[in-house]
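Just the one chain here, the form predicted on its own, laid out as structure tokens.
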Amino acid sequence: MAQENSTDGSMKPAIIVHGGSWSIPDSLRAGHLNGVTQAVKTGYQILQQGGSALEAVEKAVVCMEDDSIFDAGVGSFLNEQGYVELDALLMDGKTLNAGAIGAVLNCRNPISLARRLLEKPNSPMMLVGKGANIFAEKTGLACDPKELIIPREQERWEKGPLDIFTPNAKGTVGAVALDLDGNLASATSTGGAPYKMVGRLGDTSIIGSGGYASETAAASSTGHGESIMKINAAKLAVDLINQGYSPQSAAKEVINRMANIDGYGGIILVDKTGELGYFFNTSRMAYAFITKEGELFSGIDPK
């Protein structure tokens, strides 16, 4: 999946997205594949038109936040008290600036709220809880928290706790991209685990765990958040690339290290040449990418 420079020396864009790593049942297979396919097409179009990697990954993730089949944005799992708390992280590889949002209650697209935070002068890199809710209101991105709850998830919540990797669960979403100027970016968004404790933050909004981007590579993680945080999976992947690993070998190494601590999940990567990588140790992970020739590939099963 390596992306080579064109004969005139210009960069070729690259993008890969994931829609969560878990035991996706056959009944939801088509929906997940369609969701990641539409997301990667959206991001790739932005890149082709000269848009930034930051813009491409944000809009790709917005597509998945708006698709209720995923555990991100509208339709996310409800926490133990019956409402939605969302986490998101957006990071710019060129500047190392990031916007991290945790446990926000009133925003349909927390990845866009993360972008507003990233671009706000002299702002912190992370806002959580009440602070994130206030920031959503100030930026015009707030919604009624009830808009995030759909009947399917209300009914699921009323049945009681379940494991996120049972056949009825869904997945965190993410995207990484390289733009025509050679800049990299990472975006990750989630509703977290079903019936999670109020205020629980998983890996998604933690810089270096749920996502990371530098001038050399970008990564986005998905899976069991506590395991991902133990090894700082996204930063580890980027560091491995700096040590000479290819994106594919780095992705496999990260997931193998997670498996060594009984962790499960997946990761996607892109480096500064546009080479892509992905790996997961769950039964399935929804992913999609587009080659330098403009060919679309999507998948869900291990190879």
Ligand code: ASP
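If you're wondering where the values come from, they're calculated on a predicted model, not measured in any experiment. Counting begins at 1, following the sequence as shown.
From this point on, the text means the form predicted in complex with aspartic acid, which you will not see here.
In the model of the complex, aspartic acid sits within 4.5 Å of a heavy atom of W22.
Mapping the unseen interface onto this chain, R152 falls outside it, with no heavy atom inside 4.5 Å of aspartic acid in the model of the complex. Residue contact with aspartic acid in the model of the complex: S186 places no heavy atom within 4.5 Å of it.
In the model of the complex, aspartic acid sits within 4.5 Å of a heavy atom belonging to G171. Picking from 153-161, 203-211, 116-124, 136-144 the stretch near aspartic acid in the model of the complex, with a 4.5 Å limit on heavy atoms, gives 203-211. Heavy atoms of no residue among G73, S76 and L105 are located within 4.5 Å of aspartic acid in the model of the complex. Among A193, A98, I231, V128, the residue placing a heavy atom within 4.5 Å of aspartic acid in the model of the complex is A193. No residues of 262-291 lie near aspartic acid in the model of the complex, the criterion being any heavy atom within 4.5 Å.
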